[in-house]
Ligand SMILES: C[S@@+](CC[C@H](N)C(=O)[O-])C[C@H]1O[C@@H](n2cnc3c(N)ncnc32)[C@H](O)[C@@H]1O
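Next up: a single chain in structure tokens, the form predicted on its own.
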Amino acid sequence: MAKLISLGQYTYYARWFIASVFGKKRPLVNTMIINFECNLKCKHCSIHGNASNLPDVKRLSYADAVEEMKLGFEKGARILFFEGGEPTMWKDGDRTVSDLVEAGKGIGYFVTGYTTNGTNVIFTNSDVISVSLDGPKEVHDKIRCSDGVYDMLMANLEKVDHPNIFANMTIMKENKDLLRETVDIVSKSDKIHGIMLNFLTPPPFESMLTLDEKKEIVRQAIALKKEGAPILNSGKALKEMLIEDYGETCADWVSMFVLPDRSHHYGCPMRGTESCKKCGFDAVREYSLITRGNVQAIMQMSKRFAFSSD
């Protein structure tokens, strides 16, 4: 049965890609911001930084979330990611993000996942788990604006066993000299199975790297990949992270977004803003490369994010 499911998934992705070549742009990823609540106030958090401009509704209900999952599936999405805030703080009665994951699987999504700061419970029934790691202990805690966050993350990881937990590192002024040390933490961990590198997408603008600093980070990252370091970014996407205003190249339509008030963005919610012009997200580079048929990006991303681990 697993082989039949994989064949069906391969076939769907092939059909989706061919359709996109001929101009039929359907989302592949349903990114659901299920809540704005968080137990941290990280320096670079866009939710915390824009708290006064957020919708009044702070979390999706379970019923609304399931309806939005179905709508996304009908539009073509087959990869489902839950974001926040801190998604593991989401609740509706006795239901948690774990129940949302099961609902997504039941609807038919090929892959489910969520992003977490790792200081709360880590639910292991999703296919992919992204944990935030912005450097060694002292720097990570400083960026996360709370002592003990690094230790809580590592202690919680020790409680779980999951084949597809990866780290997300946001590189900024505060940690730009700690790439190798951070990658080494992941290399030595038997709980974290790779690291994705991103540059800061402002605000805050004062923590942004200069283009020369970004070039040095990309040079280091490519060298580390050649050494066998578990950096998940494709090599081409790393180079395209040096294109700051990525608006003309960005295939943002690959991911649809749902906010807690059920407002929709078919494409990036930050399109056209100053943040967009200084975009540091690797994912949008990978999306764009995939739609352009880049084999390296397709192979590297599909191994982690396109197929169910079942």
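The first residue of the sequence shown is number 1, and the count goes up from there. This is a predicted model, so every value here is computed, not measured.
Note that the form predicted in complex with this ligand isn't included here; everything after this is about it.
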{"query": "Residue stretch of 211-219, 173-181, 100-108, 193-201 approaching this ligand in the model of the complex, non-hydrogen atom distance within 4.5 Å", "finding": "193-201"}
{"query": "Distance check, Arg78 to this ligand in the model of the complex, heavy atom within 4.5 Å", "finding": "no"}
{"query": "Asn233: touches this ligand in the model of the complex, heavy atom cutoff 4.5 angstroms", "finding": "no"}
{"query": "is_contact(Glu86, this ligand) in the model of the complex, heavy atom dist at most 4.5 Å", "finding": "yes"}
{"query": "Contact test in the model of the complex: Ala283 vs this ligand, heavy atoms, 4.5 Å", "finding": "no"}
{"query": "Contact assignment for this ligand in the model of the complex, among Ile34, Cys45, Met69, Leu28, heavy atom within 4.5 Å", "finding": "Cys45"}
{"query": "Interface residue in the model of the complex among Thr115, Asn156, Thr96, Ser146, criterion: non-hydrogen atom within 4.5 angstroms of this ligand", "finding": "Thr115"}
{"query": "Any residue of 210-241 that, in the model of the complex, places a heavy atom within 4.5 Å of this ligand", "finding": "none"}
